[in-house]
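Only one chain is included here, represented as structure tokens and corresponding to the form predicted on its own.
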Amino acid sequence: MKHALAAALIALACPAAADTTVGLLLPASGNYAALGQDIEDGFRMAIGGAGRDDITILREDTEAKPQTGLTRARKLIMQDRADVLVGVVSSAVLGAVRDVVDGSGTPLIVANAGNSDATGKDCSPYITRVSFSNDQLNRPMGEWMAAEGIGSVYTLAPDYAAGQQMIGAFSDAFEAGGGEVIGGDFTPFGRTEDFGPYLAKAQASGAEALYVFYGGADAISFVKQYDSFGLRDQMPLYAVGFLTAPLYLRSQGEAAEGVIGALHYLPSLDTPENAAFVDAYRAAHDGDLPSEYVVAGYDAGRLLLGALDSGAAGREELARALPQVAYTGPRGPLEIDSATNNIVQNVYVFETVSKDGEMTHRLLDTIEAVRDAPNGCEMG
């Protein structure tokens, strides 16, 4: 399997007409630092596997602060003259850098931030997303839960752009399917250590289930507090799947058992492409499983390699070439929607389970080729 992966990567490589400078815009500190490291690991895995020596990688720490992200993006674009930017974890940071990316004509490959507007009403021919949109993951989960006969939910999420968009997309789809959102709260982002008062309100609502979005350190503390609160039998926990991502399972332990989520990648996917990817990653990372963030970074690298392989060089040519790249990778078939520059991909519904002494994910359903509507996007 490792040989198959290496062969696939080598096939993407070709002699370059000119060196390419990549600016990584990722958090190296704060709540999302671990996500940034996973994305960088995946990106470097793709570039390193291709054996190219004509790609220079620069890195800037965005933290999860929009103004910091904007300052770092301006440095990479204007001072370092980066040919392409890769990264952005926070939806709020993506919103902050959108205009400088578009105005400077610098292509940005989004490797995490799901800000739906970036491939909706605020889309740009210079922004190509290879991760997900907040609508893309939550809309199918709302439809799926309604179809499963769940009648009512209470929602919780951090109070910033991603939390609001994710809960909004889920709620619209769930209620369109016949369910009812009885109530919900947006918790202060990065400042909520005690979820107890919010869990008490959810319990008192009488809803059948709890639906949440949390990532980073919040995902670990929320799952542990939900388990300690004793809600498991009374109010089952559903979530956009970042809540029990591989990155957090080791810390969450059996507290995560039974959580049902939806995500665009699971390390347990039974495909030749994923098996090769997982084997290669584990061999280089002490047996750890790759997270969806690693895959997003890896696919950002493969997208760039595919564009370079087509002969594109420089900002304008790369921006035009990136949306043309398509392949089947660890997460399954991948293409870019020309109407929005957002990824088209499968969404996997899973249950978090304990197996052979380790926490893992059991696939429940696959929703194929999920594509967002343009939602106001008019590609210039």
Partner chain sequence: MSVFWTLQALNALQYAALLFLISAGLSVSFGLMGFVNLAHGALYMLGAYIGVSIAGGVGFWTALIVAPLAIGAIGAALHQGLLRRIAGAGPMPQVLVSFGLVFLAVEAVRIIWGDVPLTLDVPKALSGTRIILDTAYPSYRLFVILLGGAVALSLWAGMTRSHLGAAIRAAVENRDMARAIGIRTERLFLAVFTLGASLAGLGGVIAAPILSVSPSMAVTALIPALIVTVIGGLGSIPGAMLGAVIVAAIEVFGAALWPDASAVLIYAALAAALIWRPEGLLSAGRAR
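Just so it is clear, the structure is predicted and the values come from calculations on it, not from any experiment. Residue numbers count along the first chain shown, from 1.
We do not show the form predicted in complex with its partner chain, though everything after this point is about it.
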*Would you kindly say which of T271, S152, T71, S228 lies with a heavy atom within 4.5 Å of its partner chain in the predicted complex?*
S228
_Contact residue in the predicted complex, from A284, A176, M78, A204 (heavy atom within 4.5 Å of its partner chain)_ = A204
_For its partner chain, considered in the predicted complex: do all three of A33, G190 and D194 come within 4.5 Å of it, counting heavy atoms only?_
yes
*Thinking of its partner chain in the predicted complex, which stretch from 92 to 100, 258 to 266, 78 to 86, 214 to 222 has heavy atoms inside 4.5 Å of it?*
214 to 222
*Taking heavy atoms and a 4.5 Å cut-off, does D185 contact its partner chain in the predicted complex?*
yes
*Looking in the predicted complex, any heavy atom of L247 within 4.5 Å of its partner chain?*
yes
*Quick one: is A200 in contact with its partner chain in the predicted complex, heavy atoms, 4.5 Å cut-off?*
yes
*Is S251 one of the residues lying within 4.5 Å of its partner chain in the predicted complex, judged by heavy atom distances?*
yes
